[in-house]
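Coming up is one lone chain in structure tokens, specifically the form predicted alone.
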């Protein structure tokens, strides 16, 4: 087991956001966290990563607790791709190289440069590596963020709505890249998603949140009309198209 989340609770002042959230993710597995706006999906990712401190609960990566771990050590184990990120006046290569920061002591090494270059090649960014990130497309920028997270050599990759504001082609390219890298590197990925059908296509398991608690968890069998209506408050059909479920609003 790569990641184990046990009994996580979080509050904003007196408002409960997450209540007794527990789940695990295996190596080579992509887990999608689903649910309506404001249900706590992003908050859960930030609690896993330690950006927010959970009121209760534990987060283990390979049986090591992240709770008391220094931030540089957490960054060696968990890569985080935020929903929004400032671009700044840096090149694609420099942005990806920043992912090596947890390993840099006095200066950037040849090994850091090599690993950044290899990740840029893997994600097909070589031709734009010297461009400034503010000059590239939304799809390219998402790939840069994922490359920066992966060059950290994490055991767990967290992605907050990785396909938001992308066209259909780039959505599929990004999700295919994530799934390929997760399986190739034998790491785990957890992503928040709004597009149910995209999540179904590129995920191994699902976690559906309602009221800050886990309403349903499991494989594609949990994507049922009853569950979707209960979580999202809208009746749907779940039809099989070419062997794969598809959610259609009723």
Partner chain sequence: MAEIEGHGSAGSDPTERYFRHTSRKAMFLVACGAVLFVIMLFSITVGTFSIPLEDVVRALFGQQGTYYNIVWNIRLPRIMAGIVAGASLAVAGTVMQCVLRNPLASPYTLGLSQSAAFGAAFAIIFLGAGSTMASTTSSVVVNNPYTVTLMAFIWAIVGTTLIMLLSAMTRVSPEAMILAGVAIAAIFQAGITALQFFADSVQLSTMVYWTFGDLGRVTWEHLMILAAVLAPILMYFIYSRWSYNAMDAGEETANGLGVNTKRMRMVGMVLSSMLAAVVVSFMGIIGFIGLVAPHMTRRIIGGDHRFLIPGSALVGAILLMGSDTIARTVISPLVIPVGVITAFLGGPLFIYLLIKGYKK
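What you see is a predicted model; the values in this text were computed from it and never measured. Positions refer to the first chain, counted from 1.
The discussion below concerns the form predicted in complex with its partner chain, not included here.
- Of the candidates 192, 49, 203, 43, 49 is the one whose heavy atoms come within 4.5 Å of its partner chain in the predicted complex; the others do not.
- Of the candidates 177, 164, 91, 170, 91 is the one whose heavy atoms come within 4.5 Å of its partner chain in the predicted complex; the others do not.
- Candidate site formed by 39, 54 and 56: none of these residues places a non-hydrogen atom within 4.5 angstroms of its partner chain in the predicted complex.
- Remark: residue 155 does not count among the residues lining its partner chain in the predicted complex, judged by a heavy atom distance of 4.5 Å or less.
- A residue is said to contact a partner when one of its heavy atoms sits within 4.5 Å of a partner heavy atom; residue 143 fails this definition for its partner chain in the predicted complex, lying far away.
- Within 4.5 Å of some heavy atom of its partner chain in the predicted complex lies at least one heavy atom of residue 72.
- Put simply, residue 127 is close to its partner chain in the predicted complex: some heavy atom of it is within 4.5 Å.
- Residues of 118 to 152 lying near its partner chain in the predicted complex, listed in sequence order, are 120, 121, 126, 127, 129, 130, 131, 132, 134, 135, 145, 148, 152, the criterion being any heavy atom within 4.5 Å.
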